[in-house]
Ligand SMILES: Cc1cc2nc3c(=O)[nH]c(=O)nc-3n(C[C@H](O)[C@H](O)[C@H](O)COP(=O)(O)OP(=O)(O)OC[C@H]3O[C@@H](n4cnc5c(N)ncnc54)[C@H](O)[C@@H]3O)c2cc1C
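Below you'll find only one chain, the form predicted on its own, shown as structure tokens.
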């Protein structure tokens, strides 16, 4: 019997998951091992919906054991301590694991806020979404019961990228169409939402027409956009900037991410942002057997669409490699751009056409629905989304 090829995939985000699923389609003579710090896949594009009561937190996480319950995949939980490129061994939890092919899919980590405080919360993990929702409800309860110093309530979202925009507008919709329909106080005019960015515009990596649609939506919800705003310090509820002081009861930090990966030799090439440089087939430069997918790959956008495409592309080419066939080059071409803009509204662009409204929101929902990894979670998420059309969102405080 032929010895099985040892394929080790480090990281179970969109890139790692997509690679694993593609490899499993081809009945290879290979043993696949998936390693992650946690035992579940996190559907990050829906994280802001945990913070605003649209979804329960368990609906955007799925255990790898459930995703691959009928597949022959070894699931290991732990942190990579070392990679020995010469011996083709990785160390995890004081155990050495040999590999023939190593795929790095460790993604990116949030750029942490340099400021700390109980009212400053980053949006990266499930726990962050729960904490944001909890603080929102705490503040509303304090105002409703007369324990807050005023009936005024101020929220600030820091970061003008897609995450910041979706968080801001979903928060605005949550306030209008759920919180203010349940709580007696405050009124709409008592709540202010700020969106703060250091740049001169929002969504700099998206098409100008999408920025225009987003600005219109921000204006409709009464969000106060502050551009060219450099934050110098945050003291309690006061954000000190280059041109003004902004008071906020809750500050949600969504500024950017940067590539993360295990310690690699200095000979491995990186770009100016620290992302790993790969060849046309996603193989790490100066390596014979290490490939990369996802947010850590230089030359690709840092989003779920690109990571999923890379996973499928790499999975197909590794299949060709193991079958002694020539790898097939294919250039990445994004299918389009989509962004949720609060409520049942989204904007998107594909084939040179920009559209916005309920129909685009339906496309946005459908796109993500089919990417949810298990049927059970698909049904649960679909039911939640359907119920949200006819009722207020959840107000349970799970602090």
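On a predicted model such as this, the values are computed, not experimentally measured, just so you know. Positions refer to the first chain, counted from 1.
The next section is about a form of this same protein that is not shown, the form predicted together with this ligand.
Each of 13, 16 and 47 is positioned with at least one heavy atom within 4.5 Å of this ligand in the predicted bound form.
The contact residue chosen from 139, 83, 302, 191 relative to this ligand in the predicted bound form is 302, the criterion being a non-hydrogen atom within 4.5 angstroms. A heavy atom within 4.5 Å of this ligand in the predicted bound form is found for exactly one of 307, 314, 169, 156: 307. The partner is not drawn, yet in the predicted bound form one stretch among 178 to 186, 119 to 127, 243 to 251, 273 to 281 has residues with heavy atoms inside 4.5 Å of this ligand: 119 to 127. Within 4.5 Å of any heavy atom of this ligand in the predicted bound form lies no heavy atom of residue 26. A residue is said to contact a partner when one of its heavy atoms sits within 4.5 Å of a partner heavy atom; residue 78 meets this definition for this ligand in the predicted bound form. When this ligand is considered in the predicted bound form, residue 161 lies well away from it, no heavy atom lying within 4.5 Å. Contact check for residue 260: a heavy atom falls within 4.5 Å of this ligand in the predicted bound form. Residues are counted as partner-facing when one of their heavy atoms sits within 4.5 Å of this ligand in the predicted bound form; in 53 to 71 only 64 qualifies.
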